[in-house]
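Taking the form predicted alone, here's one chain by itself in structure tokens.
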Amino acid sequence: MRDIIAAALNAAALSGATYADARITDTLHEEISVANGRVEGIESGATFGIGVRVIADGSWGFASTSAVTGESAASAAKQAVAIAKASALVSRDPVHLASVDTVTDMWTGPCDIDPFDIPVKDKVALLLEADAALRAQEKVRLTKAHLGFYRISKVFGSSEGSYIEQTHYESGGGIVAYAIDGAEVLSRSFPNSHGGDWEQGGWEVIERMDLPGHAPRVAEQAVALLTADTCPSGSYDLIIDASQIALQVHESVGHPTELDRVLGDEAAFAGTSFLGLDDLDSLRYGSEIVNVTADATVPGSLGSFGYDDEGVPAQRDFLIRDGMLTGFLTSRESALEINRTSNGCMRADGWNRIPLIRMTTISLEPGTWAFDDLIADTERGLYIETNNSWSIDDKRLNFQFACEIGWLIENGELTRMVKSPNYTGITPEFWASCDAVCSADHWKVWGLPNCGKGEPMQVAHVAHGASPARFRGVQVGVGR
């Protein structure tokens, strides 16, 4: 691999590139799903190729090929330089990169049991066992269960002298039960909705989930929702579970702090940002207890790695500290716009895509509250779990979220179950209303394997650490 990387870098330099990097990526993927007691699909695939990124005449160029040889790598490098020189004819400002240390290193993510060594029949058997437990409830009429696995290996080299090898595994899955009564269809998911939960690791991740063990509770709650009261409307003190906090962080903190969105360099698929460069170190994003970090060093997180796809080492950085906006997610190029070095957020969806600024592990840092104490401290409120749907505008400012299930809080106690709870807000106002965050005992990292961005769209695997938190005076239900 080193010789192939060198062939690409040498060809780029001889063609006139002032900077070049090459990235060989080898990905193995497997997805298994069942529905209503039957196997719904078994998919597997592999991709292998090299992408070469260059700067020539002050502009970027990129080319890739699935033929991973020295000759094809050199050809891709020459094509990337030609593209960069053509782009330079219409570019405004030359590209400059923040400095980064040159390294030679190897990084491997955690994995105790290689998931690709587990027979497919054993994976199917586990899913069918969970599915059968879901269908034990009479009014559960539709059930789904799935597992997914990745093995991703990357080799990166740059004209500055870095050479980095990285390999990691990802494993995830989940179950969902749909209770149906007439025209009403209500779902309950575990451990999370929209793809379940994912971690870096092997089959041990799936064993810890214990999907069959949680299936009876999931099904019982789905059926109970059919006769539950509809979520009330009005202003309530809202306690949100960790999985929904994770999505809230993703949509209303992670995306708007991507610096390419702030600069207007990225607007496809999910829009830009309500933030500006002048907001750095001056905008109050939330209350004083709101602290949000970008941390690619969290063990086992889907958003962790040794180095990003520019060779920048994984690191921990504050985006929000004591409620104030203190950072953005950056690349080597964009970091210069705020007079900083990159905090290592450039990743690509495969060898044939150019890296973009992507979230790592973006987390609401834990507070000090025990969950039971937080409930007891709330006189009139609502506790909600597990996202069902969401909507947020293209600047990540105005939002609406709906969850699968909720419970009223009356005089410090959880009382009646409610169905279809939802809430609305404006990003800075919402985070300003946060007055309590549960402690590290309740904190968990949630993996999201389906974050879309870019054109053509790239799907990133990211993660968010969170514990339950309380927000005062939030508009719940219909109306305002």
Partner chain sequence: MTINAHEMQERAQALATRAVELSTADSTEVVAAVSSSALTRFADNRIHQNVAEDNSEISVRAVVGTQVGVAATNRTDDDSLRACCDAALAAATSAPADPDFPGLPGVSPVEPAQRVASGTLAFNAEARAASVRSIVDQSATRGLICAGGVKSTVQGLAVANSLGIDVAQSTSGMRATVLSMGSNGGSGWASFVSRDASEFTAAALGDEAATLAERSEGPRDLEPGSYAVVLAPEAVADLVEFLGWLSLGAKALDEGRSFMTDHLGEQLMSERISLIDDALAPHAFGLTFDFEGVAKSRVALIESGVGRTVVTDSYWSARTGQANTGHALPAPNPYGPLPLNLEMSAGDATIDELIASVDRGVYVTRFHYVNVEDPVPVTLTGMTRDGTFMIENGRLTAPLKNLRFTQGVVTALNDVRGVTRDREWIGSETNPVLVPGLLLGGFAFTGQTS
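Note that the structure is predicted; figures quoted are calculated from it, not measured. Residue numbers count along the first chain shown, from 1.
The following text describes the form predicted in complex with its partner chain, which does not appear among the structures shown.
A single residue from the set 136, 370, 106, 90 has any heavy atom within 4.5 angstroms of its partner chain in the model of the complex; that residue is 90. The contact with its partner chain in the model of the complex, taken as any heavy atom within 4.5 Å, belongs to 356 out of 356, 209, 375, 140. Contact annotation for residue 154: none of its heavy atoms lies within 4.5 Å of its partner chain in the model of the complex. Using a 4.5 Å cutoff between non-hydrogen atoms, residue 428 does not count as a contact of its partner chain in the model of the complex. Contact between residue 389 and its partner chain in the model of the complex is found at the 4.5 Å heavy atom cutoff. Under a 4.5 angstroms non-hydrogen atom cutoff, its partner chain in the model of the complex lacks residue 443 among its neighbouring residues. Candidate site formed by 291, 413 and 435: none of these residues places a non-hydrogen atom within 4.5 angstroms of its partner chain in the model of the complex. Figure note: of the listed segments 392-400, 324-332, 226-234, 306-314, the one touching its partner chain in the model of the complex, with heavy atoms no more than 4.5 Å away, is 392-400. Using a 4.5 Å cut-off on any heavy atom, the residues of 446-461 that reach its partner chain in the model of the complex are, in sequence order, 454, 455, 456.
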